[in-house]
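Structure 1 and structure 2 below are the same protein chain in two forms, each given by itself as structure tokens.
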Structure 1
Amino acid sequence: MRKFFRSYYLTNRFYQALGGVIALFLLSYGIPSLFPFAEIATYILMVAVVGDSLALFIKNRLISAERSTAEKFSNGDENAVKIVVESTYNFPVHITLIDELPEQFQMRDQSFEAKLEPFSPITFNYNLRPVKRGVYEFGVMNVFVSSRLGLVQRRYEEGKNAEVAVYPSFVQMRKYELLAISNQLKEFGIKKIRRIGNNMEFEQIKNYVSGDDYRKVNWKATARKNHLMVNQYQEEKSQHVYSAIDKGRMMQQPFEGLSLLDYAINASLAISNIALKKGDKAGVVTFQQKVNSVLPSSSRNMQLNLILEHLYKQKTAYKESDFGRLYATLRRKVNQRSLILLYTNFESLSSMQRQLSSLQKIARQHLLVCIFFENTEVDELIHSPAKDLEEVYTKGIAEQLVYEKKLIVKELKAHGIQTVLTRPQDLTVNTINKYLELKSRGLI
């Protein structure tokens, strides 16, 4: 009985019908000859409700629904979910499907409607974009079935709770991998990527294109071909690439729902993948008030999986980050000269200067790239006219904020530290570009 009540719902149409009956009775106050019709309408409605209920409830388990998702979701990307619903009622039914989404999405109004013919399943497709790593829990699928009369609804709770793990963006990783290997990143990025290496292992002679180092021109070949030809050398391999991820206070800021930390994690996954593909060794270091984890660089087959799992597990309390400790750990654990991609964020020149000594010390031993973020939130403010003096002031301060970031870049450059200043959304592309650029310039 309780189960019956739990699954018994009434539709809007039922209430509309009741309203109609009430209106008929009200009308019959003025036109008494309508009264019998109103009475008959009431009984018809009662009979219809009972009949509709019987049709829907007399047999059990006539609706089945199944949800299929990927085992892992990719953070910050659209992930597909598919639900197949099938009816074995012997008449066409109308269904409303409410999928119980993981609470992280905070979506309470998602529902699908469809007409369902007997024995012909229907598929619903929708996408979810998680912005946090971790375990996500789907609930049941609520299927509300009504007949053509549509006065009563029966609720089926199909499927079981299912868990999906949201991992750092492996979708982006694959996407950029292909682009980087096929040398198409310039379509996305700002700089033109030159892939020729700088070391002296000869590979081939090729046509000169603008941007090639003219010291490498092969004059003999040029003379023979009547074209400028250059020597191309093999890239250096097995270099160490470390992604050092700051998990401190400054990385909590969200852009488009995703925190800077997750942007950094997504980017370091993509860059590690490319580094591995290029024959380099990738590793990960994370830190906040102390160094939390070190995954030594390696080019083993399973390294990418290790990195993925390693990044997936990252938790943080967003404490104040200590760059001194990062330096000490790198000094102890990373003995070869490496490319250190340091993902962090500085809002002002002074906050950078506080860390400068540690950064300099790291840069002395390794090739340090300091990656930090433009604050796109103030873009709109800067690009709209100010109406009064107070707004002029606000705008001036916003400009100052943007200007300081550029000062930070200059200051770091002056101390021989490479920088990437990027919009959070372009982080991965810009980081990969920087990596490829540094590699081709042979700076590691």
Structure 2
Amino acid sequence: MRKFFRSYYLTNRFYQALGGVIALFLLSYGIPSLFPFAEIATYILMVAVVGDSLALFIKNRLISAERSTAEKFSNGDENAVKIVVESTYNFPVHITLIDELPEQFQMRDQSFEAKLEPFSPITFNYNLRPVKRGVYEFGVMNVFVSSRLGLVQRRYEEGKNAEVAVYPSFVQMRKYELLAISNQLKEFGIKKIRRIGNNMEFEQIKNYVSGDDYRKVNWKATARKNHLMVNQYQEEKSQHVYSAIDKGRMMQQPFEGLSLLDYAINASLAISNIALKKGDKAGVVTFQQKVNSVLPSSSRNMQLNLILEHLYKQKTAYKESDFGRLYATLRRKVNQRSLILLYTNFESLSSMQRQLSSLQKIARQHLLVCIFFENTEVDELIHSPAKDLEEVYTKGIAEQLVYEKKLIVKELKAHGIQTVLTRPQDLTVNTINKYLELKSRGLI
């Protein structure tokens, strides 16, 4: 009986009809001739409610709903969710579907309405964009069913609690992998960079294309083929590429819902995949007040899966970062000269200068690229019109902050440290650009 009452709902249409009956009774005090009509209306409403209830509750399990999702969600991307609902009632019904989404989304209004014919499944599709890694738990699907009368609703609780793990953005990783393989990186803002350095291990003779070094023209092959041919040499491979991720408090800032830390983690996964496809060895280092984890660089088949799992498990208390401990760990555990892609953030020149000595020590042993972020909200503030004197002062402070970022870049370059200053949304593209540039110049 308790289960019956938990699934039994009276609709707005019932209360409207009941309100009409009550109005007739009230009017019958002044117009006695209306009293019989009020009684008849009461009986009709009672019969209609009973009939509607019997039609909906006469049998069990006349509605089924099934939710299907990917086993893993990609952080920061749209992930598809599909729900299929089917009715075995022998008459058309109207349904309202409310899906209980994971609490991380803070969404309580994910509902769908539709008319459902007997034995004709209907599909609902929607997308979810998570902005934090971790385990997300879906609740049940609540399906509210009503007949054509629409006086009563029956609630079905379909499905079970289901968990989905949100991993670093493997969607973004695959997108750039496919673009790299098909040589279409330029379409997404990734520059095609001409090689400057040379590895003299010969690979093949190929047709000349725009951007090839004219000094590599093979004149004998050109004479035989009657069009320009060039020698192609193998790129340096098996270089060590480490993504060093700062998990300190400066990486907590959110942009478009995603923290700087998660932007860095997504970019690290994408660049590690590209490096492995290029024949290099990829590894990961994470740190804050101490070095939390080191995944040694490797090019083995399972390395990308190890990197994905390693990045997924990263947690942080957003404490003050210790770059000195990062240097000590790299010196002890990374013996070969490597490319260190350091994802961090500096908001002022003084904060960078406090860490400069540690950065210089790392740069002496490795090729260090310091990657930090523009504040896009400050940029928007600068380009918005000032309405009063207070906003003029605010814009002045914002311009000073942007200028300090440029001073940081200049200071790091003066000490021989490669830099990338990027918008959070462009982090992956700009990181790949830098990697390809260093690769083309033969610096790694």
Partner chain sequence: MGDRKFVIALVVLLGIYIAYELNKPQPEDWSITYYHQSTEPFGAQALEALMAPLFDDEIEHVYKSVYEIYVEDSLDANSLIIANAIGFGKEDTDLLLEQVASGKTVFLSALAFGGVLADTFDLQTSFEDPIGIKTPEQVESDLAGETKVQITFNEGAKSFLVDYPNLGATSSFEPKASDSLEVLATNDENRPVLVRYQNNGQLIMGTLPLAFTNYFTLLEETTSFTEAQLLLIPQDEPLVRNQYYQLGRLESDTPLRVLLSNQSLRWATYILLVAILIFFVFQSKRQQRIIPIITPLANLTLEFVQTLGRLYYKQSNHNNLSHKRVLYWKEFVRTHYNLNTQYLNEDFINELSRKSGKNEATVASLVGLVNTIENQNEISDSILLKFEKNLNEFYGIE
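Numbering for residues begins at 1 and runs along the sequence of structure 1. These figures come from a predicted structure and were not determined experimentally. Think of the rigid core as the biggest set of C-alphas that the two forms share within 1.5 Å after superposition.
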> Of these two, which one is the form predicted in complex with the partner chain?
Replying inline: 1
>> Following rigid core alignment, is the displacement of the Ala221 C-alpha between the two structures equal to or greater than 2 angstroms?
In response: yes
>> Can you give me the Cα shift for Val21 between the two structures? Core-superposed, in angstrom, one decimal please.
In response: 2.9
